[in-house]
Structure formats: C-alpha cells, structure tokens
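What follows are structure tokens for two forms of the same protein chain, given separately as structure 1 and structure 2.
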Structure 1
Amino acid sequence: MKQAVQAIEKKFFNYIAKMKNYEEALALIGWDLRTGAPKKGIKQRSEVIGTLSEDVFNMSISTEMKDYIEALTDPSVQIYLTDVTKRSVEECEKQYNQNINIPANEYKDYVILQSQSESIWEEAKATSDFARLQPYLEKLIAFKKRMVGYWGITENKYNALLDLYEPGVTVDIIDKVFGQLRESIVPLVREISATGSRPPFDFLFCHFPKPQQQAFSHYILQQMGFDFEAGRLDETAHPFQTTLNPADVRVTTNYNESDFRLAIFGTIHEGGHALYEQNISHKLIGTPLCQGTSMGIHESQSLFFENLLGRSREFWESFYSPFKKYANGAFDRVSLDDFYRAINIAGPSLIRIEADELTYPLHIIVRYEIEKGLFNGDLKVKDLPGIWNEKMEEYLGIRPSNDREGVLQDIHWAGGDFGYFPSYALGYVYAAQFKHAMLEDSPSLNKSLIEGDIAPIRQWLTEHIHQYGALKKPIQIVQEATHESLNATYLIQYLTKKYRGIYRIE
C-alpha cells in the first residue's frame, strides 16, 4: 500500500512540476512586458500569455488532476502522506473546485483582456483619461462576477475575492480592523496638522544622480541579505517584484533624480518581498507551496523592511554614513536627527506609493470601500473617479485634480486584481505584530540593527515565516509566530508613539 501511494505521489508532483514550469515561463513574460517590451509586440505577447495560461488552467481542472486529488484525499492513504503532500493536494483541490465550472475559452479571453487592459491603463494614466480604461474595467468586473458565480457563491461576492489573496479573512474581519485603524489614524493626522508645523524636509529634494541611486539600491539590497546570484534589480514605471523560482527572484524600482525616496524605499519594499521568496525552503520547489502563503503575509515582509526597519532611526544610525557617500556629499550638512524626521514627515498625499506610514492605511481603506461597493453594492465603474475623490477628501482632506493622481494611479484594477488592496493594510498590521513578537523573543535585535547587522532579523523572519512558503496558512503563521491572532493594537501603538515623537506632541 505504501509503495503504491508513493508512486501516485511521484506522478502527482511530476504533473504539478510541469504546471509550475508553465507558470515560470508566464512570470518571465510578464516581467518582460513590464520592464521594456516593445509596444508593438504587446498584442502578440498577450496572445502567448493567453495560450499558456489556458494550458495551465486546463491542467488544473483535467481528469488527471481530478484522479490525483481523489486518490490522495482517500482517508485510507492519509497516514502515508507527508505534510507537504497533504497541503499541496489541498491547494490543488481548492483551485480545481474554483476553476472546474469556468469555461476554458472564457478564462483565456479573461487573461488576454488582463494584458490588454494593463497596456491601456498606461496610456490612460499618461493622458489622465479614465474614459479610455472604463470599458476594460467594466469587462473585467463582469468577468470577475461571472467567475464568482461559477464558484457557486451568490452572497457577499467580495468575500470570494478576498479569499484569493488572504484565505480566511472576510469583510467582517476587515471592517473591524480597518475601523480601528481609521478611528485612531484620522484624529492623529488632524492633531499633527493642527500643530501647524512639520520638520524641515526641503533638503530631501536635492539632485541625486540616477547612477548613484542605482548603486545605493544595489548596496542596500546586499545588506538586507538579497542574493544577487539568485536575483536581479531592474527599472520599471511601477515597482514590483516577481519570482520565477527561489533561485530567480527579480526586483524592480523607479528612479527620480529629484526625490531619491521613490527608488530607495521602493527598492527596500520590493526587497522585502524578494527575501521572502528567496528563503522559502527548497524542498517546496516544484510544488504549489513554493510561494508566499498569502498576499497579506507577503506584504507584511515588504512593509516590515520598508517602514519598520527602513524608516527607523536605528536603521539610519548605521546606513546614513554610506548613504551620504553615494549622494556625493549632498547630505553632509544634514544631521541624522533632521534626516530621520524628514523621511518620516506625515501629511495627506494623493499617491499611495508616496504616502507616509501614518496615512498609508487610509489610502487602502479608500480602495477597499470602493471595491466592496463594486461587488457587494451598486457602485458603477463610471462613478469611480467621483467616489474616489470624495473619499480622499473625507479621509485625507485632499482632492485629486485629475484622474492620473486619483483613480488611475494604480495598475491593480486594470489587471483584474480586485480583493488585493486590503492585503496591503493587513500586511502592515501583521508587520507590526511580527516586530513586537520578534523583540519579545530577542530584545537585542535593535542593537544589531544599529550596528548594521540585519542578518539576525532576517533569520528570525525566515525561521518563523519565510521557510514555510504556503505550507502553513496565514492564520497559522501569525498564531505560531506571535502567539495570538490578528491584532491591530501594535500598529496603532507604533504609529502613535513614532509620530508623536517626530512632531514632538506631548
């Protein structure tokens, strides 16, 4: 019996490995599309993506996959299966059940539409013309709603989309957590605004040549522990990180010679994602578990490195000196204290990726409420620019003057990624909770950071989070790493203490 089960296991993982090979090719094509592929080649490239995606889709719902799932979920064989096999089968069964009722040709059309829509988004954003993108969004949302219907879900369609990115998290949970954040952050933002002052920050906008920014970005990734023999750093319009496999993890960033923060903090952010992927156990390669367990946990790693580390005073006590050298002396007369306060200024801003730590969750709440309205309410695509502007004014006190700095600023909706945005703020909550647990376990880690040694921090994260990939579910990761369930208290305490200190509010 045991040998027979092992034979089925081997065939199952060979089948999965073939699917993962297709997905690696798709990831490479997607990376190329977003890092400089010729415009005239996009249409044909979209067809290629559609064809390969259709093949992967068909493999996920094939009779062969069904047979593997049925054989390996038989109670009589469970005692012979490893945890890796059990979780892999569980993931495949979930995907099978989601996809089996979706017509393959319709899925192919959806993937092609995604690629075309992302390309149109670039044009619409450049011209601040939401009407250019509107019909594509309407089609994407119609597709999504049909897919949710194929899954057999008739109520709370948005919960089904949330589950794609953050399994186990529902609207009820997010409403509670986001409500706590909103109730704490909005008054603090107003309190800071009422001070009528902010730390000096004009010196941040000095000329910082692109080659020097590239060099420092490379340097800081090395210090974080990014393995350049298993990854690379490239330039793109909208920073992202993509993984072909743990030995080929790619980071992209965007450079602005008048504002180094976009590249430096963008690189650190995407580097946090990359470290997660590079440190997944290699025993999971070729399985559906060789990836982050959820978008929220993934985002916790990028925000942990970008904000809780990268914007901390401890971090810059070690890295400010080399930073000044890369900046060609532009900051030689700027004290560490002034620099630290300047990179942490808080205040309403229009662009999410440029938002400060304090107001960032409010940007996510705006998007969350809009998405919920699109799928659970009666909000129409044509209404998006107006409702976006109203919510920005309500929560942040500012109103976009055009769609480029408003509803068109992010690529996510153009790619059909509805349900994704909440993971950013959930990741922030996770990150603060992980930091609290980490310091409880090892109070000396702050000292290591001051000394420029990030390795102990990375090792803690690898031990408790990275190595497991999707072997453990997000709720299990949080519970075992922090010994409690999701708790927004630590983020609220962190933001309150930090920004009251920066603005010297008693």
Structure 2
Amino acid sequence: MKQAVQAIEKKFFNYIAKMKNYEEALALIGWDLRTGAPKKGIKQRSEVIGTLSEDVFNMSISTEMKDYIEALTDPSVQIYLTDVTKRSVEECEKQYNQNINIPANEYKDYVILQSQSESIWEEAKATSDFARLQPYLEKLIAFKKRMVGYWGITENKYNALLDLYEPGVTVDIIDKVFGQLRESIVPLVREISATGSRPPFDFLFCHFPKPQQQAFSHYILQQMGFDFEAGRLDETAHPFQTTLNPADVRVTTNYNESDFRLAIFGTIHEGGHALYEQNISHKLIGTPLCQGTSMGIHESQSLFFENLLGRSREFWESFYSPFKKYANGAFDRVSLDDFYRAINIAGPSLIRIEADELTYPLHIIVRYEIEKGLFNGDLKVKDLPGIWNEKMEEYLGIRPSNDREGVLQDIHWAGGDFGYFPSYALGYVYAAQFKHAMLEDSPSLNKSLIEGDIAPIRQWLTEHIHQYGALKKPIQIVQEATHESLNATYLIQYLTKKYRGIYRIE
C-alpha cells in the first residue's frame, strides 16, 4: 500500500513540476515585458502567453489531475502522506474546484472583457469620465457574482472573493479589525492636522544623481540580505518584484533625481517581498507551495521593511551616514532628526499610492466598504463616485474634485480584482504584530538595527514566515509566529506612538 501511494505521489509531483515550469516561463515573459521588451513584439508575445496559460489551466482541470486529487485525498492513504503532499493536494483541489465549474466560453469572454475594461479605464481616467467605465464594471461584477454562484456559494459572496487573496480571513474578521483601525486612525489624523505644523521637508527634493541612487539601492538590498546571485535589480516605470524560482527573484525600482524616496523606499519595499521569496525552503520548489502564502502576508513583508524598519529612527541611526555619502554630500547639513521627521510626513491626501503609512489604511477601508456593498449589499455601480467622495470626506476630511483623483485612480476594479484591496491594510496589521512578537522574542533586535545589522531581523522572519512558503496558511503563520490571531492593537499602538512623537503631540 505504502509503495503504491508513493508511486502516485511521485507522478503527482512530476505533473505539478511541469505546470510550475510553464509558470516560470510565464513569469520570465512578464518580467521581460516590463523591463524593455520591444514594443512591436508584444502582440506575438501575447500568443505565447496564451499558449502557456492555456497549458497551465488545462492541466489544473484535467482528468489526470482529478485522479491524483481523488487518490491522494482518500482517507485510507493519509497516514502515508507528508504535510507537503497534503497541502499541495489541497491547493490543487482548490484550484480544480475554482476552474472546473466555470463554462469555458464564459471564462474566455471574461478574459476579453477584462482586457477591454483595463484599456477603457485608462481612457476614462485620463478624461475623468466614470460613465465610460461604468458598463464594464457592471459586467465584470455580474460575472464575478455568477462565478461565485458556480462555486455553490449563495450567501456572503464577498467572502468567497476575499478567500482568493487571503484564505481564512472573512468579512466578520475584517469588519472588526478595520473598525478598530478606523476608530483610532481617523482621530489621530485629525489631531495631527490640528497641530497646524509640518516638519521641514524641502531638502527631500535635493538633486541625488541616478547612478548614486542605483549604488545606494544595491547597497541597501545587500544589507537587507538580498542574495544577488539569486536575484537582480532593474529599472522600470513602476517598481515591482517577481519570482521565477526561489533562486531567481527579481526586483525593480524607479529613479527620480529630484526625489530619492521613490527609488530608495521602492527598493526596500520590493526587497521585502524578495526576501520572502528567496528564503522559501528549496524543498518546496516544483510544488504549488513554493510561493508566499497570501497577498496579505506578502505585503506584511514589504511594508515591514519599507515602513516599520525603513522609516524607523533606529534604521537611519546607522544608514544615514552611508546615505549621505552616496548622496554626494547633498544632505550633509540635514540633521538625522530632521531627516527622520521629513520621511515620515503624514496627512490626508487623495491618491492611495502616494499616501503615507498613517493614512494608507483609511484609503483601503474606503475601498473595502464599497466592495462589500457591491457584493454583499445592494450598492450600484452608478453610485460609486458619490459614495467614494462621501467616504473620503468622512474618513480623511478631503473630497476629490474629480473621479480621476477619486474612484478612477486604481486599475484593480477595471481588471476585475475585487477582494484584493484589503490585503494591503492586513499587511500593515500583520507587520506590526510580527514586529511586536520579534521584539518579545529578542529584545536586542533594536540594538542590532541601530548598529546597522539587519541579519537577525531577517533571520527571525525567515524562521517564522519565509521558509514555509504556502505550506502554512496565513492564519496559522500569524498564530504560530505571534501566539495570537489577527490583532489590530499593535498597529494602532505603533502608529499612535510614532506620529504623536513626530508631531510632538503630548
């Protein structure tokens, strides 16, 4: 019996490895398209993407896959299976069930609709014309609702969408966590605005030559523990991170000579994602578990490095001195204290991707409440611009003067991505929990950081998070690393203490 099971297991993993090989080719194509692929070749490249994606999709719902799932979920064989096998089968089964019931024709129409909608969004945003996009959003939402129906879900459809990005995290949980955040952050932002003061920050826009920014980006990644023999750093219009395999993890950033923050914090943010991927156990290569376990946990790693570490006073205690050298002396007259306060300026703003760490969760809460209304309530697409502006005014105290700065600013909805936004704010919540737990485990970590040694911090993250890839689910990761479940308290404490300090509120 045991041998027979092992034989099936082996064939199953060979099958999965082949799917992962197609996915690795797709990841390289995606990276290449964003780092300088010649424009005219893109049309033909999309045919290649079509072929490889179809292979992956067909393999995910093949009879062969069905047979593996049936054989390996049979109660009698469980005692012979490793955790890696069990979780891999579980992931494949989830994918199988998601894909098998959607009529092929309908899915194809959806993919076409999605791509049309994304290009209409560009036009609609440019002209601030929500009505252009409205019919596309209506069709996309109708498809998503039908899709959830195909999965057999009739109540609380939004939960099914959340589960795609953050398995196990439901509307009930998010309502509670986001409610706490809103109740604490909204008054804190008001307090800051009420001080009427703003730290000096003009020096942020000093000229910082691109080659020097490149060198400093490289230096910072190295200090973070990024392995340049298992990854690379390139330049793109928008920073991103992509994984071909754990030994080939690629980061990009963008250089603005009049505002170093884009490159440096972009590099640190994407570097946080990259460390997660580089440190997944190589035993998981070729399995569906060889990736971050959820969008939220992934974002916790990038936000931890970008903000909780990269915008901390402790970090710059040691890194401000090399920073000044790389900047060719442009910051020599700026004190560490002024620098620290300037990179942490906070206050209400309209655009999510330009928001600071304090107000950022409020931007997400606006989107979450709207998505919930669309899928679980009776919110209509045509009412989105109005409700958007109302919520912005209520939570942030400012109101967009047009939809380009309002409901049209993000591509996500036009691409059919509903349920994705909450992950960004969950990432902050997780990150603050991890920081707290890390300092409980090793109170000396802050001292190491002040001395410029990030290694022990990276090691804690690898030990408790990175190495497991998707072997553990997000809730399990948080529970085991912090000994409690999702808890907004630490983020609230962190933000309150930090921003009261910066704005000198007693």
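In this text, all values refer to a predicted model and were calculated from it rather than measured experimentally. Here, rigid core means the biggest group of C-alpha atoms that superpose within 1.5 Å across both forms. All residue numbers here refer to structure 1's sequence, counted from 1.
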When you get a sec, tell me if the form predicted alone is 1 or 2. 1
By the 2 angstroms cut-off, has the C-alpha of residue 46 moved between structure 1 and structure 2 once the rigid core is superposed? yes
After the core is overlaid between structure 1 and structure 2, has the C-alpha of residue 247 moved by 2 angstroms or more? no
Taking 2 Å as the cut-off, check whether the CA of residue 231 shifts that much or more between structure 1 and structure 2 after a rigid core fit. no
Give the C-alpha shift of residue 416 between structure 1 and structure 2, in Å, after superposing the two forms on their rigid core. 3.2
